[in-house]
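Have a look below at one chain only, the form predicted on its own, in structure tokens format.
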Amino acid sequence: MLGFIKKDLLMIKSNIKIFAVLLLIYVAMAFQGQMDLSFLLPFMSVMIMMSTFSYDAFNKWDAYAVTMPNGRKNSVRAKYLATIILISITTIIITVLSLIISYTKNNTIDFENIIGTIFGSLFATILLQSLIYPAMYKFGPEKARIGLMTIIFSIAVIGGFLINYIDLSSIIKMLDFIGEYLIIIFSMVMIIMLYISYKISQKIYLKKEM
């Protein structure tokens, strides 16, 4: 399975330079207070990994993978693990950069706020991965991307509509009540989401005709 993981990570090598250039641009914007790094880079890591599905389709990787022992299972498992590795690396990078930017601009570090924001971004990233990967295996990269855009747009519209009818103060009070357990709860939810997504993707891929 290590070979499968290396394959996915090597395929994104061509995107590293673009990733580095964008990182420099976003860091410069963050220094000027125009954006927050924590809301972007983990999402970028998922988008980059999503491109590996297109590479797989173009190079007819699936037809080759099924000929290997446990090829289907290892292919799905490696895709998830490679994505988690990339998300972990980018999360560490933005955490360090956010701390440096905070200290450089304010001569102090708002550690709690930075970690909370990054953790929220990480949760959203894992949610995105959990939703889109089964769709990738089921419908293919192109249709899944269209579905992703539709989901994001729908969530934005519905969220904008509901926010006028939801008592945010009650939600804030509830979050404050469970505040000390919030990271544990959200971590468990992320693990559960990933596991369910992985099992669905695996089931789809095992039944898929090549």
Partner chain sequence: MENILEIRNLCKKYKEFELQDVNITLPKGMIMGFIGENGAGKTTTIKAILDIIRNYTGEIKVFGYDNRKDNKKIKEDIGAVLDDMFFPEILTPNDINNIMKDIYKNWDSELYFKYLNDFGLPKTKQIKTFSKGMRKKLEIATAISHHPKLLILDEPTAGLDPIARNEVIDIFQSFIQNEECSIFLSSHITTDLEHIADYITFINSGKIILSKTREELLEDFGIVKCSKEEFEKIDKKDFIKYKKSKYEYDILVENKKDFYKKYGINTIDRITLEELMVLMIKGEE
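For clarity, every value in this text was computed on a predicted model and none was experimentally measured. Numbering follows the first chain given and starts at 1.
Another form, the form predicted together with its partner chain, is not on view; read the next lines as being about it.
Here the chain stands by itself, but in the predicted bound form one stretch of 181-189, 56-64, 23-31, 139-147, 56-64, has heavy atoms within 4.5 Å of its partner chain. Although the partner is absent here, M68 sits close enough that one of its heavy atoms falls within 4.5 Å of its partner chain in the predicted bound form. Remark: L194 does not count among the residues lining its partner chain in the predicted bound form, judged by a heavy atom distance of 4.5 Å or less. Of the heavy atoms in R77, none are within 4.5 Å of its partner chain in the predicted bound form. Contact check for I200: no non-hydrogen atom falls within 4.5 Å of its partner chain in the predicted bound form. Contacts between stretch 1-19 and its partner chain, counted in the predicted bound form as any heavy atom lying within 4.5 Å, involve M1, L2, G3, F4, K6, K7, L10, M11, S14, N15, listed in sequence order.
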